[in-house]
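Read the single chain below, which is given as structure tokens and is the form predicted on its own.
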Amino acid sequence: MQDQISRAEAIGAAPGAIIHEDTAAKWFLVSSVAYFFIVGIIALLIAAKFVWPDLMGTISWLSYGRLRPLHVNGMLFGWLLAADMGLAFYVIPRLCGVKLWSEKLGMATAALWNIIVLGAVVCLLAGFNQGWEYGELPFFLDVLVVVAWILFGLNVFMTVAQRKYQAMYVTIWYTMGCILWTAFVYLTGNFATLFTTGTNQANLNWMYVHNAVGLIFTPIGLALAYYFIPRAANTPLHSHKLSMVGFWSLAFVYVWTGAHHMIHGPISQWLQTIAIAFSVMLLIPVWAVVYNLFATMKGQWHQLRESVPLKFLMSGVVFYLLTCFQGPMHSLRTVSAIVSKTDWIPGHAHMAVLGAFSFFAIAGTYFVVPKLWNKALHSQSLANWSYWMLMIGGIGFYVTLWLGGFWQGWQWNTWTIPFIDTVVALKPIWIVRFVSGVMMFTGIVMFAYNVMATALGTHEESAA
């Protein structure tokens, strides 16, 4: 098998080695890390508003109603999906044994994606908002997202089509699945909703919200986990057959779960029951993935002491397991009656997007950046600290909101308690949320500085 290296590592390369340009990957990763930092500031400001509601309340473009959709879309599309796309441009060509089909197309995609993100910042802060959860972007930006996704998908599929290796590793399957499922999910949530009203529109919107996590960030996140865990640990995957069980069961089950966000709502009981049944069935692909990745690490756990990417990766696997156990459980009618619409939900959602999938993206970034620029990571100590700040802050955030949300739900179900009293009662929860948010943001700053100092600094020590 031929050696495969980045252009920065090409000096002294073995004859016949495949030299990857990786320019598109670099553009995506650098911009995504920058957005991670910027949107982290927005997140901290939102958390502060829960404790001090009048904070900047007279400035319209810094009001909660404008900052919250910017935070959501910025984290999902400015940071996480952009980082995932950059890492896919790194990973897929190496698994196929060929260069990226078109580096120029990849750079054009990265440029367009940055235009979309910056356009979203301006529009959402200015109050241009379609009013749908996760679907707030104005219509013209939705169109640009579709164009950018077609360009990204074309590049990946053409790279796979010209691969040298006939067998396709599970990472390729998940990445291709993500591209196809994202097209379906995004078109449904941002275009099909234009042609419906009322309950039908809400049902389509929540199908999009849930599957934005389940059929966009889950498959691309697992694609990265399946690649970087064996690579970082230098050990083979436990079972390729089991990885395919996880892939196909995810493909079959996840799309039908979105209606569990509307349990006890104005939709058919049979639709609620189907959503609950398929939500519980999610335990099948989840356990297939988690067991496979944990079994891969058998005899290799000692590496976590020194390897920051492995710390993030295996912690992400644990958070993925917890997230996907919570989801089926709170889809049950009796549990949903308590936790639905409470602070439990953002605690659950943050553990998925930050605790699981952002941890996978951070690990991948820490792994590939030294190779892309052929430099040693700026600071291993800072990387380690970024892990612990994100981990401790994250756990404080998730657990506090779970407990507070459950308490909130019990109060809502006690009709003698005035609603405003349930709001006042949660202030201690929101104070802990803010403190935890400060820790998480500190971790983001450490991560972003470390990556930027490595990529843009003058330190020339080889990553090898």
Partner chain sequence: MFKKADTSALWAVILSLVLFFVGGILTTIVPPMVDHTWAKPFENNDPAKGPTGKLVPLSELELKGRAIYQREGCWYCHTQQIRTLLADTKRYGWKGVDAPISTPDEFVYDNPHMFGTKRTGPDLARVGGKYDTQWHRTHFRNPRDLVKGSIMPTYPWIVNDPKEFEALVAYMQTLGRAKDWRPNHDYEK
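Keep in mind the model is a prediction, meaning the values are calculated, not measured. Positions refer to the first chain, counted from 1.
There is also a form predicted in complex with its partner chain; it is not shown, and the following applies to it.
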Worksheet item: its partner chain in the predicted complex: within 4.5 Å of a heavy atom of each of Y35, D84 and L87?
Response: no
Response to the item:
Partner-free chain; cross-checking its partner chain in the predicted complex, the single residue of S340, T323, T296, S307 with a heavy atom within 4.5 Å is S340
Worksheet item: Pick from W206, F228, Y387, W113: which residue has any heavy atom within 4.5 angstroms of its partner chain in the predicted complex?
Response: W206
Worksheet item: If we take heavy atoms and a 4.5 Å cut-off, which stretch out of 230 to 238, 309 to 317, 373 to 381, 260 to 268 is in contact with its partner chain in the predicted complex?
Response: 260 to 268
Worksheet entry | Residue contact check: G65 to its partner chain in the predicted complex, 4.5 Å heavy atom | yes
Discussion item. Under a 4.5 Å heavy atom criterion, is F50 part of the interface with its partner chain in the predicted complex?
Written reply: yes
Item to complete: Verify the contact flag for F247: yes if a non-hydrogen atom of it lies within 4.5 Å of a non-hydrogen atom of its partner chain in the predicted complex, no if not.
Response: yes
Discussion item. Given that its partner chain is not shown alongside this chain, does L215 nevertheless sit within 4.5 Å of it in the predicted complex, heavy atom to heavy atom?
Written reply: yes
Worksheet item: Are there residues in 169 to 183 with a heavy atom within 4.5 Å of its partner chain in the predicted complex, and which are they, in order?
Response: W173, M176, L180, W181
